[in-house]
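What follows is a single chain, given as structure tokens, in the form predicted alone.
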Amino acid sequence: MRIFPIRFFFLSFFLSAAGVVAAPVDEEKGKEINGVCAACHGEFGQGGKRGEYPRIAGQRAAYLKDQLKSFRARQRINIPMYPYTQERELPDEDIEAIADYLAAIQLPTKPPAFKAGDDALTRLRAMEKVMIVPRVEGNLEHGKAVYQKACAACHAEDGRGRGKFPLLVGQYTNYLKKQVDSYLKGERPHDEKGAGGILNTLAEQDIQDILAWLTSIQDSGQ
């Protein structure tokens, strides 16, 4: 009867030593680094200028880390990001900290209920955290069907991404469209190697309908 707890102890020790237990997030360091990001992406990572700068709050940590390293290695071309992602400015430990910090930020999709005594500044600060992406036109049923067939394997059925594949739901529509166009033009590398790829198989209306469907489900799980 004593063998099980001993084995359990050594199994737990082994898993911890193997790195299975996640390291704690350095929230203070992440918040400090975000002070630089906030100039474009907003204090809460909500993005800016109606999608010129994307939402990064709530984005998948693995995706953020991968993209920051791609910027740093010049594998993803984005000139404004160059000064901020050089090795001396953003070493690996800082990438870990800022990605984990941003991934943990939750942005509500509906205005909060204010109290009668809340002043204007309190209301303004609360509203700055709200992320409401306007609905766009399109065939929602068709968009959902195409998305589930072409996109869900990587970005998950609810558009929240998985692994290094990013969250799409709750992102600015015009930013997503801009990135799709960049993929199709070959300006930004997609995950498929060589010519072609899943995006190249979709008609323009398919993409529009997918974007419309994504804006229709933004309230779920945000």
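All residue numbers are counted from 1 along the displayed sequence. As the structure is a computational prediction, the values presented were derived from the model and not from experiment.
What comes next is about the form predicted in complex with a small molecule, which does not appear here.
The small molecule in the predicted complex is approached by Arg76, whose closest heavy atom lies within 4.5 angstroms of it. For the chain shown alone, Tyr84 is a contact residue for the small molecule in the predicted complex, at least one non-hydrogen atom being within 4.5 angstroms. In the predicted complex, at least one heavy atom of Pro166 sits within 4.5 Å of a heavy atom of the small molecule.
In the predicted complex, at least one heavy atom of Arg188 sits within 4.5 Å of a heavy atom of the small molecule.
Highlighted residues Leu107, Ile132 and Leu184: none comes within 4.5 Å of the small molecule in the predicted complex, counting any heavy atom. Just one of Leu140, Val136, Ala150, Ala126 comes within 4.5 Å of the small molecule in the predicted complex, counting any heavy atom, and that one is Ala150.
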